[in-house]
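Shown next as structure tokens: one chain only, the form predicted on its own.
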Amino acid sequence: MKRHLISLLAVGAVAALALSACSSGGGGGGTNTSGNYKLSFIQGVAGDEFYISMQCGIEAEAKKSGATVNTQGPAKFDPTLQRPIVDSVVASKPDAILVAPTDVSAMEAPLKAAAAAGIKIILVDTTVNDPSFAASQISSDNKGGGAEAFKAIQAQKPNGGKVLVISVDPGISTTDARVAGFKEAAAADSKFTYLGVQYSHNDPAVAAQLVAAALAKDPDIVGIFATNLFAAEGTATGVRQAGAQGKLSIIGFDAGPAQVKQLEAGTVQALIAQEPATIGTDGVQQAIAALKGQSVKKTIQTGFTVITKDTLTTTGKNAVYKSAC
């Protein structure tokens, strides 16, 4: 009788423990059924207004849903700096991770492992070679944006000429798509000569050096497409150092405060602005849908806005990125 009573007590204890585990609000592995989800946002690089604007969208949408958000990012757009952050975040067992991978190859394995551990992965902005493990991926129409950048040069330099692209590094899905879009559009117009792409490693100083050297070799360049914020910043500096202001058109991708100042000053002639806040909002919505077992959109593509000096205070006003939420 005593042994039977002990057995009953042991079974009851195990059942109670199991019930407690099932009702726990702890994060990770899809075990959170409370709805107070724990989300992590891993930026491509900290301090970039594009990712700050995305963070604003993420935090606002998370607040509506009762979720919490932890945001971290590497000091540079570099997989060797981002991977330790990913590993640390995974160890904290969030319910979902919204992440902008800094390399299509290097970041695939750690993110795939996180998904295998039960964490919902939402790819925002950038992607990896095989994103099948991700619940959803949200990004701009980057190839279309690259083509639009060429159209902007085309409109400003109708007689044609030499054009150059300054990008970040090869192997980044978004900027590679922008380069491809620009290259294809340029190839379709025989009046233009495409000089190829040079890589600044996300360093404005390097971009400035590349542009100055390119203009020394080909002073008749009529247009330069800079594929991200730092490339545009450095390109404008290089053009100014070469004394080529007013002689060529610079089209920048992204619309941070520094680039807007360049647009106002006439150093940059147009900006292709993404919708980072919308990417963040969509990312949270898809993460929570996945956590709740609801229907999820595997891919979402957001648009962009072409901003010129003339449209900066009208149609382009709300497209400018934020420095803080």
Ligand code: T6T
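From a predicted model like this one, the values you see are computed outputs, not experimental measurements. Numbering starts at 1 and runs along the sequence shown.
Just so you know, the form predicted together with this ligand exists too; it's not on screen, but the next bit is about it.
- In the model of the complex, this ligand lies farther than 4.5 Å from every heavy atom of residue 282.
- The closest non-hydrogen atom of residue 126 lies within 4.5 Å of this ligand in the model of the complex.
- Although the partner is absent here, residue 77 lies within 4.5 Å of this ligand in the model of the complex, judged by heavy atoms.
- Under a 4.5 angstroms non-hydrogen atom cutoff, this ligand in the model of the complex lacks residue 95 among its neighbouring residues.
- This chain is displayed without this ligand, yet in the model of the complex the stretch 170-178 from 150-158, 170-178, 79-87, 187-195 comes within 4.5 Å of it by heavy atoms.
- Of the candidates 214, 239, 229, 107, 229 is the one whose heavy atoms come within 4.5 Å of this ligand in the model of the complex; the others do not.
- Heavy atoms closer than or equal to 4.5 Å to this ligand in the model of the complex belong, across 241-265, to one residue only: 254.
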